[in-house]
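Only one chain is shown below, in C-alpha cells, and it's the form predicted on its own.
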C-alpha cells in the first residue's frame, strides 16, 4: 500500500457513517425544537483568534494547534474548537442585530495536534450549540436540558452531568490566589505537568487526571466556590433550582474547570464510564466575556459541544441505521440495462431506493448481490417480459414471485416499503 491515512485520522464509511448521519439528524431535529438555526464556519481561521479567545497558556494553544503560514505569510490555524469561530462570525456578520437571543448550532471537523489515543484523534468531529444574548441562569438550564434530551434521543444510558461555577472574571483571579495559597506547599506531591500548570495556568491543576494529584487536592478540601462572589454564587444556586424544578439529575464537581480560558460562571461536563479514562463525551458552559473581548458589546453566552466519535462509540441503544435497499433490479441479459435505468429512474422519482448491477453478472450472482444489499424486492427484467410490458417481482421477505405490469409493480413496491 503506497498511501495511508495520516496518523490520528480515520476513514468513516459503511454502517459507522450511517450511524454518524443518524446521530447528526437527531441533533439537528432537537436543535430545531429549541429554536436554533444552523451556522457553518471555515475550518481555517487566523491564529490570533484562538490565541485571544482560548488563552495563550492553555494546552490547546501551546501544544495542540495546527498552525501554519500560507503563501502570503498569513498566520493561520485549523480550528481546534468552534466557539471562537462562531463568535467571530456573530460579530463579523452583525448577527447581534437579530431580535432576542441568537441561537446557533453547528457540526464539523476540528483539529488538534495531540498524541492519538482512544477517544482522542488529531482530526475529530463535534457538534454543538451557542446561545448568545442572555446572562440568565434559565438559559443555562435550557442548554443543559437540550444536551440531556440529545443523549436520551440517541439512546445513551449511564451518562452523568456534572456542574460547577468558575465565577466572574474577578473571581477567577481570586480563585487563582486561593489555589496558590492552598496548593503551594504541596507542589512536590504533584505531577510534573501540574507543577508547570501551577505557574502558568493554575486552574488546570484541578483538571488533572493523575490520581495522585486528585488525592492531594481531595485531602486539601479544595473548593473554589470559597473564592466566588455572592452574585455568581446566586447565579449558580438559581441554575440548580431551575434544574431541580425540572426534575433534572446532576451532581456538583468542585474540580470541574474546563480547559479553555474563556469560560466563566457555569461549567458542565457529560461523562460516561464506557469511555475509560477519557470519559467526557461532551461539555460546555458560560463565556460571558468572550463577545466583548473580541470587540463586541457585552453579551452573556452559553453553549456546549459533543464529540461525535465518542457519542457513536457509546450509543449502543441507537436503533440499526442500516437502511435496506427497496429494490434491486436483476437483468437476464445485460443488453436490457437501458430498460433497467428507465425503471429505476421512475421508481426513484417516487422516493423508492433502487440499485442495478453494472458489471454484467449472472442472474444467480445478481440475486446474491441483492440479498447482500438487503433488498426488500427484486425486480427481474427479461427480453420477453420487456416486450410484453411486464416483469417479475420477488418479495425477498416471503420468497413470493409473480409477473406484474409496470403499474402493478409500482403499487406493490409502494405498499411494501416505507417511502
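Positions refer to the first chain, counted from 1. Source: prediction; values computed, not measured.
One more form of this protein should be noted, the form predicted in complex with a small molecule, which is absent from this view; the next part is about it.
Contact here is defined as any heavy atom lying within 4.5 Å of the small molecule in the model of the complex, and by that definition not a single one of 132, 239 and 265 is a contact residue. Here the chain stands alone, but in the model of the complex its contact with the small molecule, taken as any heavy atom within 4.5 Å, falls in 300-308 among 300-308, 213-221, 228-236, 241-249. In summary, among the residues 327, 175, 283, 147, the only one with a non-hydrogen atom within 4.5 Å of the small molecule in the model of the complex is 283. A heavy atom within 4.5 Å of the small molecule in the model of the complex is found for one listed residue only; from 289, 164, 143, 126, this is 126. Within this chain, residue 180 is remote from the site of the small molecule in the model of the complex, having no heavy atom within 4.5 Å.
Contact check for residue 197: no non-hydrogen atom falls within 4.5 Å of the small molecule in the model of the complex. A residue is said to contact a partner when one of its heavy atoms sits within 4.5 Å of a partner heavy atom; residue 112 meets this definition for the small molecule in the model of the complex. Using a 4.5 angstroms limit between non-hydrogen atoms, residue 120 touches the small molecule in the model of the complex.
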